[in-house]
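Here we start with a single chain on its own, the form predicted alone, put down as C-alpha cells.
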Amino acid sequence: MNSFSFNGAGEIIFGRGTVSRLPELARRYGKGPVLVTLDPFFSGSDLKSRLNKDLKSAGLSPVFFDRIEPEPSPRSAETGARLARKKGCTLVVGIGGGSALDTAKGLAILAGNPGKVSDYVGLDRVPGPGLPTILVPTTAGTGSEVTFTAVFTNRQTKSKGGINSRFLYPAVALLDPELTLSLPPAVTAQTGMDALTHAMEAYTSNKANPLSDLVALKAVALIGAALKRAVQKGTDIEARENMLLGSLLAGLALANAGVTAVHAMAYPLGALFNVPHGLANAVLLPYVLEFNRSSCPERFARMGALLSRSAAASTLEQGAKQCIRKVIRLSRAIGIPEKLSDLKIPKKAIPQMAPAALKIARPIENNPRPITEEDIAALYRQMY
C-alpha cells in the first residue's frame, strides 16, 4: 500500500439547526469586525437579518459582502479582500453555494497575503495563512467547505484556474441541512450531480486511498438514495440531510484523492460558455465514466451496487455497465440535459475546448485511463 495523508476542515459540525452556533464559533475565531460573505440569494432574507442581530449580540461587528458572481471572477475575491482590510476584519464567514464559498476562501487568503488571485493560481503558491474562515454551505453539491481549492473564472482570457493550498482549509465547516430546503429543483439536481461526480471521480482516481474510498463510497450510496427525492420534494428534510452529508463526504474524498477527466472537460464549458460547473459535470459524467469503465471495472461495479438497490450483476463487466446505466437513469429522472447541443455549445468549439481541457493537468493525471487530446475531442463529439 502506498503512503497517504488525509486532510480537511479543522472542525466539521453537522446537523439540523446548527447554524444557530455560528455566533459562538465566530467569537472563538474572530473579534470586532468580521466579514460575512453572503450569497446574493440571501441578501434580503430573514437569514441575513438574524445573522446581523446574533453576531452583534455576540460582541462582533458583521460586515456583509454579497458582490459574488456565479462562477466567480478574481475581481470578486479581490474586492472582498480590500473591504476586509479596510474594515480590519479578523474572520471571514462564507455562506452560500460553491461560488460564495470559493470567494470567501479566496478573499480570506488575499486579506492576509499581498497580491492578486492570479499570483496564487496553481498548487501551493500561497506563502502563508490568510484570515480564518467559517464556511456554511447552502447547497448540497460543491463540497467547497472542506476542500483546499478556490476556483475563479477569468472572463478576459476565458479560462478557469484554482488556488490550491492547505491555507484554504477552513477553521470550521458548519453544515445545516435546513439551509438547503429553499433550493429550487433545478439547482438541487445540478449541485447534487456535482457531488455525485466528486464521489465517483475520487473513488476511481489514481490517487485514491483507503480513507478517501470509504467516504467516496458512502457519498455514492447517500446521493443515489436521496437525490431524486430531494429534487421532487424539496421539503423532505431527511433527503436534504442525506444529500448534504453526501456532498460533505464527496468533498472530503475529492480533497484527498482528486478528481479526474470530467472536471478537466467541464472547465472549458464554464470558461467559454458560462455553463454552471455542476451542470457541466452532470452532462459530462456518463460519457467519461464509459470511457474509464474498462480501467477499473471492479470499482465501477461497486459504485453501481451502491447507487440503487438492484439484483447483483453476474460479472464485473455487467456490474460496471449497470453503474453507468444507473447514472444515466438518475440524470434523466431529475432533468439533466444529455447533450452539449442542449447547452447551446457549438460543435465548432471542440478544437478549442479539447486542448483547454488537457491543460487542466491534475485531473488529467488522476484519470484512471490515460486520456489524450484526441480522446477528449472524440468524447465531446459523442455528446452531440
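Note that the coordinates shown come from a computational prediction; the quantities given were computed from them, not determined experimentally. Counting begins at 1, following the sequence as shown.
Here the subject shifts to the form predicted in complex with a small molecule, a form of this protein not shown in this document.
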query: Interface residue in the predicted complex among Gly304, Gly224, Pro72, Gly80, criterion: non-hydrogen atom within 4.5 angstroms of the small molecule; finding: Pro72
query: Single option in Asn113, Thr149, Thr90, Asn209 placed near the small molecule in the predicted complex, where near means a heavy atom within 4.5 Å; finding: Thr149
query: Contact stretch among 124-132, 215-223, 229-237, 185-193 - heavy atom within 4.5 Å of the small molecule in the predicted complex; finding: 185-193
query: Exercise: Leu254 in contact with the small molecule in the predicted complex, heavy atom 4.5 Å; finding: yes
query: Contact flag, Ala280 vs the small molecule in the predicted complex, heavy atom cut 4.5 Å; finding: no
query: Touches the small molecule in the predicted complex: Phe41 (any heavy atom, 4.5 Å); finding: yes
query: Contact of Ala261 with the small molecule in the predicted complex (heavy atom, 4.5 Å); finding: no
